[in-house]
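Before any questions on binding or motion, here is one chain by itself as structure tokens, the form predicted alone.
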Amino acid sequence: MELKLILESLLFSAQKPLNSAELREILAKAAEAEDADTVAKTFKKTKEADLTAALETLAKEHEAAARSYRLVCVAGAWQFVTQPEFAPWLKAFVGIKSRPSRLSAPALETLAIIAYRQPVTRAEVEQIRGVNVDGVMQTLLERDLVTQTGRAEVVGRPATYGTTPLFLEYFGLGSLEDLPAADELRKITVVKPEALTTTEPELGLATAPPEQLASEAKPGEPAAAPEPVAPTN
């Protein structure tokens, strides 16, 4: 029996995408079962390279057969998916009311910046976009497209963000290397907030000097009060 046919049966029956590690684990368990035959035992120690080669061959065969579905690798996991041209009938069959709403233009713009510049802080994203991104970031976090990846090595230690495996699945990408070229986006200079003064180190909070706050006050908003000047005689 061919390895690719075994993998085909597993992926066809799976309720979720399976990565190489999961597929190899299944092959090993089948070989260790009490009723395992000689054929099952031959695939107990299948190498990852052989597994990947079999999956790629299987994907090419399904593509050449021009069926209504194909085998793809998304975010490192393999799954059968239908061809895009059959979307109208599948939407009618499955329904789209329960599906999450589409991302807005600001959310997509913010997500693109995070994808190409990660790990990136919220302040850095705002520098590039030129607007506040609190609401958009919350949406991306709730949709599990973005996650906190650590903290920046700058004053205040702000959180850094990056994309999740669900982001790759959402856009049908095998890995971040499959992102379209965006050299100009990567070249944008982002100024690190070295001049910030930390007021609550344990909470990771930081504030700018009063003169900076005064200069950045928006129209209609009161500027920060200047520091008192000692009287001169």
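Note that residue numbering follows the sequence shown and begins at 1. Keep in mind it's a predicted model, so treat the numbers as computed, not measured.
This protein has a second form, the form predicted together with a further copy of the same chain, left out of what is shown; the following refers to that one.
In the predicted complex, a further copy of the same chain sits within 4.5 Å of a heavy atom belonging to residue 61.
For residue 77, a non-hydrogen atom is located within 4.5 Å of a further copy of the same chain in the predicted complex, even though that partner is not displayed. Residue contact check for residue 51: none of its heavy atoms lie within 4.5 Å of a further copy of the same chain in the predicted complex. Residue contact with a further copy of the same chain in the predicted complex: residue 82 places a heavy atom within 4.5 Å of it.
Relative to a further copy of the same chain in the predicted complex, residues 5, 19 and 27 are all within 4.5 Å by at least one heavy atom.
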